[in-house]
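Single chain ahead, by itself, as structure tokens, in the form predicted alone.
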Amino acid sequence: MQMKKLFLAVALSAGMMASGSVMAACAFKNEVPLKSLSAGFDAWKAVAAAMSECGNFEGELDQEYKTKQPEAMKANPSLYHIGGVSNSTLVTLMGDNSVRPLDDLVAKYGQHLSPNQLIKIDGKIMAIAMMVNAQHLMYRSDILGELGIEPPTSYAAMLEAAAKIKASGKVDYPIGGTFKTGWNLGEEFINMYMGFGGEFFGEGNAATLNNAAGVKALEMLKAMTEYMDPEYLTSDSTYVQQQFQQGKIAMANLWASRAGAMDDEKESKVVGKVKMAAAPVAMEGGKPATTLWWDGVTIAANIPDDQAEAAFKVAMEGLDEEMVKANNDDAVWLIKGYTPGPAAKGAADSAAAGAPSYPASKAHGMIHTVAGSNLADYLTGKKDAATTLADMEADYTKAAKEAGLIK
């Protein structure tokens, strides 16, 4: 599936979709005890709440779901019936044969789904997409306006803006970033490396990271840390969201799914002050240094068919039009009833400017992992760029050989 085309189709036409009938609460009473494990951002909170209306459902919302889900769903029986997944995490679960094809369940209960919600792998429906997500620029429009700074369209301009903001003393830290060691830091590298035009693999799945694009990506990430909270290696999406809400930062590349929280009057001190724009480019003439993702649901393989059927029915209730209309600004939804609003602007602009889809594959997953575990030593000065990239290649090669990707 070409996610850029998928995103644009939704962003441009979602508001024109014909609405189906709005369902009142859950359309049926679920009698089968069910559990799900997903991320914990606002969109998943809304979906889990809608699923729970059917009864006998426990939704576990955990930002560490990526590390917990594989073993939990590989168990027999699976510890969860429903898994919240994205481009990369579905690849891991499929590699373990932990999730089942959904074609029969879609035919029976999913006639209302749009074609771009059906995530097909090797011709089989393996997940149902509910939203598109991307990291894009969020910025304090009031602060940039007071300082006469245009919203940065490149990372070079973002660093120049950060220097002016730091000198002004208007916020604690000019920039926030999802630089937490592990998955988050790996994602930052993937985005920046692709932004500099880097290629991940050569012949035979050999890693090709130790090059000019790799060095530029590391140098740019390190330059950003000079304007961040010194505890940036513990900073995930929730941390950055809260930094914005508490008025501590002025700019960040943050997920579109977090945009709605900026105007949550119960949590945010900056309501109406945070605006969205396309992710900055890493190099002149380049594409936005971000990647497009989908999030959605999949059903465990290691559960009885009757439980799988109940789980799918409950999942469809969580992804219905009523839920979307009640939580329109929590995500860029792929579900009928969605009307794109200001919170979707940054992700839509990034897609329109050519931001690529996240390169989901087993090999890319390994690159993501080794980047997340190696980059902290570079950022803290323990290793230089060339050594860091060489170590990433070596760690990837070892893992890829064990997995049979490299002979």
Partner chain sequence: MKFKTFVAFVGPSILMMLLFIAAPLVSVFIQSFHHTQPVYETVTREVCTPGFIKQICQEETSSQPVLGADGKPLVETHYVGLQSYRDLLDMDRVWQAIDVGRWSEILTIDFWKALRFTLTFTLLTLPLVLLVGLALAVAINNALKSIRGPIIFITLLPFIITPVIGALSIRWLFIGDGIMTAMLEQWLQQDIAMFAQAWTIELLMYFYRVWHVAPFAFVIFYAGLQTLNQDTLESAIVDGASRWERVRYVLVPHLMPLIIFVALIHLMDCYRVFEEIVGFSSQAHVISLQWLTYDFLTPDDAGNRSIARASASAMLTMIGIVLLLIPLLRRTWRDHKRGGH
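Note that this is a predicted model, so its numbers are computed, not measured. Residue numbers count along the first chain shown, from 1.
FYI, the form predicted together with its partner chain isn't displayed, but the following is about it.
Of the candidate stretches 154 to 162, 225 to 233, 314 to 322, 208 to 216, only 225 to 233 has residues whose heavy atoms lie within 4.5 Å of its partner chain in the predicted complex. None of Tyr139, Phe189, Phe196, Tyr173 but one reaches within 4.5 angstroms of its partner chain in the predicted complex through a heavy atom, and that residue is Tyr173. Though its partner chain is absent from this view, in the predicted complex it lies within 4.5 Å of a heavy atom of just one residue from Ile299, Val332, Met251, Ala259, which is Val332. When its partner chain is considered in the predicted complex, Ala351 lines it closely, a heavy atom lying within 4.5 Å. Contact check for Ile303: no non-hydrogen atom falls within 4.5 Å of its partner chain in the predicted complex. Using a 4.5 angstroms threshold between heavy atoms, Thr181 counts as touching its partner chain in the predicted complex. Heavy atoms of Tyr239 reach within 4.5 Å of its partner chain in the predicted complex, making it an interface residue. With contact defined as any non-hydrogen atom lying within 4.5 angstroms of its partner chain in the predicted complex, the contacting residues in 88 to 104 are Ser88, Thr89, Val91, Thr92, Met94, Gly95, Asp96, Asn97, given in sequence order.
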